[in-house]
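In structure tokens, the next block holds one chain alone, the form predicted alone.
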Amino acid sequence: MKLTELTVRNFRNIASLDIELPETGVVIIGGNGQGKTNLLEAIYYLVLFRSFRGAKDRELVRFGTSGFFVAGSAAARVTAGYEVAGQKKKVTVDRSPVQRMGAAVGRVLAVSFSPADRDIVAGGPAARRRYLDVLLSLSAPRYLTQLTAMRAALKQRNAALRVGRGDAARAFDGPFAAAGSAVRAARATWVAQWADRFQSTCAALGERAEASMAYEGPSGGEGNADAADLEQALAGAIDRDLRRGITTVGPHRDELRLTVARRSLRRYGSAGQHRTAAIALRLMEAAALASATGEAPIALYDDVFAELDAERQVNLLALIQDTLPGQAIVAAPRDSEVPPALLDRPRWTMTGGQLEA
């Protein structure tokens, strides 16, 4: 997939931007705080209509303005606008307003690589669940619908638990179990299918110890994949849930377990191993999206190469050539921090939110 045009208005520190993107991509050079990451964030906003840095929409609005607007042309013309007044978001695809956000998700496909990806590996289970949820929302039919239904039922169930209404909470056991079992099954199936790929990709990047990944419920194993079993587990946990005011069993508490040399990568892995595993997960995300859609996603590289030693840079570039052969948008503070193999693209400069070719 290739992004041919991009329009940005009042997004972070970018006041106004209208560019045509080269087919192979571009290298963007600029110091810290000049807007490189903001530009990549604006592009990725067209994928999921949310910040890849976890920011709320109102936090993306340029200071002193009433909202932001982002538009891009790839397989379709996709636009997204947000107004602070009323907290309104409007999305269109080929000029037609979208009523359900899920209908527009994935019309632009991109994978973002950044130093912050280490949090997927070094952070808590929520970061790894989010990784799976984003990947599957973009690559698996109906996953986003099931995930949305599960979250809605969970929100209602937790609201009832907080006020001590066990009967009201139990009313959501069925909907939560039905959607949650589908979510859990999709996650577990994907992890099982791609577990060998995780090990081989880490090895190809230079990791000498054996790496592995597995999907686990809170008590180990794959958890209750069947809706009836999950509903029974919810019923059995109702007293505990009422005491705590939250739902304590279900896919929202599951874990993508990553290990190296059979030990927890999060707890015992080095900073270098965290980086290697995070890059491996992003490469797998790209491969999964390409497998599901038939085309490689746009690659967004945000200052990721400087953190790698020379050997791992070479290994990563070889994997990129195989997995992400299409359009690449590379952001770095200096030319010296961009591998020569990527400097064959046009070079632009970013200063104070303004881009110069």
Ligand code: ATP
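Because the structure is predicted, anything quoted here is derived from the model rather than measured. Don't overthink the numbering: it's just position in the shown sequence, from 1.
This protein has a second form, the form predicted in complex with the ligand, left out of what is shown; the following refers to that one.
The partner is absent here, but in the predicted complex a heavy atom of Leu60, alone among Leu308, Leu289, Leu60, Leu316, sits within 4.5 Å of the ligand. In the predicted complex, the ligand lies farther than 4.5 Å from every heavy atom of Gln327. Of the heavy atoms in Asn13, some are within 4.5 Å of the ligand in the predicted complex.
Contact annotation: Pro297 falls outside 4.5 Å of the ligand in the predicted complex, judged by heavy atom distances. Though the partner is left out of this view, Ser66 does not reach within 4.5 Å of the ligand in the predicted complex, counting heavy atoms only. The stretch from 289 to 297, 43 to 51, 30 to 38, 319 to 327 that comes within 4.5 Å of the ligand in the predicted complex, counting heavy atoms only, is 30 to 38. Contact residues in stretch 111 to 140 (any heavy atom within 4.5 Å of the ligand, taken in the predicted complex) are absent; none meets the cut-off.
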